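One chain follows as structure tokens, the form predicted alone.
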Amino acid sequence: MECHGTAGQGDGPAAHLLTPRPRDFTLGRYKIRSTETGSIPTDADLVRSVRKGLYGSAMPGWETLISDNDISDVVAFVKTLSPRFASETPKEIAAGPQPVSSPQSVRRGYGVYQTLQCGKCHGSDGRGTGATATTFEDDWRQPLRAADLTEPWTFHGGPGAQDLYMRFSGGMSGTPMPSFKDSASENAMWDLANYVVSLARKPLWRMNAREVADFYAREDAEARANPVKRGQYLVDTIGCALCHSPVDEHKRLIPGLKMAGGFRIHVEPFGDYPTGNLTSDKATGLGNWTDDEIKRVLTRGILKDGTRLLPYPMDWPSFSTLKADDLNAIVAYLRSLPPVSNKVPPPSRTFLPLFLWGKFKLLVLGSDPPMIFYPGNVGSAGAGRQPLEP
């Protein structure tokens, strides 16, 4: 319920804080499955996702917490949320036996990678180098990133050659990742899977001290060479868009307003804090802010007009520990955002008696300060759209 919502529409209270967003079960469309494009998944597909979780996402594995019978019951309930499961039969991918990987197969797979133009999204090295398509959205206008093929522990459907073969054969419904079934033979897709497996780098937790030092030295060199890319990585990792992009009643990004602010957060007892417009618009965004003013609000919580922000939900105390190069990279990336006109009102304070009563509950009675997130947009671009009460 916290993630997928009471009706399974992917709009639970935590939905807007998660990337990728939780699945809308009512549509019956799933990315991770062993079935043909457009088909519903098998029961085994759903059981595996619940049992093992989805790597690189907020979906945990439940196998150590609930029994197999409970997992089967969860799957049975999820199927009731979409009428597709009552009227359709899963069309399983007819895959032959998995061939043994070999240097020859990997070389052929490299050729398939070139032929299918995988590098347009994933780069010539699987890490995005030279990619011509760098921004993606799913069918619900939510932002996506192409997978880093050198980090298989982030692959939602698993890192093995068989897992990858299923992605190549069936595609990932609702995303730009297509099926290659009509573009490549079964043998070619197995070779491609073996090639992608070969791209995996050693994970940090298996490196020795020297390897860790060398790894971060390379990372720092790449960051200095491309500060905008580094800034985008940091902004995405920190999750700035989660608060600085207004969402609709289904916790989905309102088209055209990514990073344009206007998402209202009520912090009891302090008041309402609409998030700021981080685009480069000169009138309503950061276009007329200096670099130092942007860094000041990031590290000290002080707005351009001198208003001091609370240390939550804007976590400026944590951001104050960012390295100077990383702060510069974030500024460089924010400068690159296209301008979006969306005038956001300033923070508003709670009526004094209510504020004092709230402070009493907070400091004397030990109550936690609740934060309430209001869907909608309170900026000028949302004129006529009323925020929803929680």
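The numbering used is simple: start at 1 and walk along the sequence shown. As the structure is a prediction and not an experimental result, all values here were calculated from the model.
Not on display, but discussed next: the form predicted in complex with a small molecule.
Checked against the small molecule in the model of the complex, the residues A223, I265, I71, V78 give one hit for a heavy atom within 4.5 Å, which is I265. Contact with the small molecule in the model of the complex, defined as a heavy atom within 4.5 Å, holds for exactly one of F85, F215, Y233, F319, namely F319. Although the partner is absent from this view, H156 contacts the small molecule in the model of the complex, with a non-hydrogen atom inside 4.5 angstroms.
Looking at F136, you'd find a heavy atom of it within 4.5 angstroms of the small molecule in the model of the complex. Shown alone here, T275 lies within 4.5 Å of the small molecule in the model of the complex, counting heavy atoms only. The small molecule is not shown here, and in the model of the complex it never comes within 4.5 Å of any heavy atom of Q142. Of the candidate stretches 353 to 361, 39 to 47, 58 to 66, 26 to 34, only 26 to 34 has residues with heavy atoms within 4.5 Å of the small molecule in the model of the complex. Although the partner is absent from the chain shown here, none of A15, S101 and A188 has a heavy atom within 4.5 Å of the small molecule in the model of the complex.
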